[in-house]
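Shown here is one chain on its own, the form predicted alone, set out as structure tokens.
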């Protein structure tokens, strides 16, 4: 039997993590000592490892709860059910990656259009782009002395 601190140390998490999982119904101690300490057995430790592995690949607590219910009643579920959960999560991850790639391209365009110099931000292309309702990023007024070619990448001319 493990006390909460022992199980936490064994699985390299904080005791508060175990309390959190208990609060959300993912993990419960097998018993309590006479003095009220939570006591976990090896089965509880395996369940915690399952939770941590599922979390490490991106499953939410609700999804982990669903996986645990399948794990506890495997004979009434098909592999296709589990695969469906994984494929759904994979689709969500791919969608998020696509969204992050869009953010990256947009932020790179904003960064490339700005000189980043010490001049006033009155004509800052980043601020102008964020103020406008167009997708065009206009290059800054480059009256200061810099190589103009570095500001023309991915920029539309002011006009």
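Rigid core: the largest C-alpha set superposing within 1.5 Å between the two forms. Keep in mind that this is a model prediction, so the values were computed, not measured. Residue numbers count along the first chain shown, from 1.
The same protein also exists as the form predicted in complex with another copy of the chain; that form is not shown, yet it is the one meant from here on.
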Worksheet entry | Joint contact, 1, 10 and 29 to another copy of the chain in the predicted complex, by non-hydrogen atom at 4.5 Å | no
Practice prompt. Considering only heavy atoms, tell me if residue 118 and another copy of the chain come within 4.5 Å of each other in the predicted complex.
Written response: yes
Worksheet item: Would residue 131 show up as a contact with another copy of the chain in the predicted complex if we use heavy atoms at 4.5 Å?
Response: yes
Worksheet item: Does residue 122 reach another copy of the chain in the predicted complex, with heavy atoms at most 4.5 Å apart?
Response: yes
Discussion item. Is residue 33 part of the interface with another copy of the chain in the predicted complex - any heavy atom within 4.5 Å?
Written reply: no
Practice prompt. Any residue of 88-123 with a heavy atom within 4.5 Å of another copy of the chain in the predicted complex counts; write them all down in order.
Written response: 89, 90, 93, 94, 96, 97, 100, 101, 103, 104, 106, 107, 108, 110, 111, 114, 115, 116, 117, 118, 119, 120, 121, 122
Fill in: Yes/no, residue 117 Cα shift of 2 Å or more between this form and the one not shown with rigid core fixed
yes
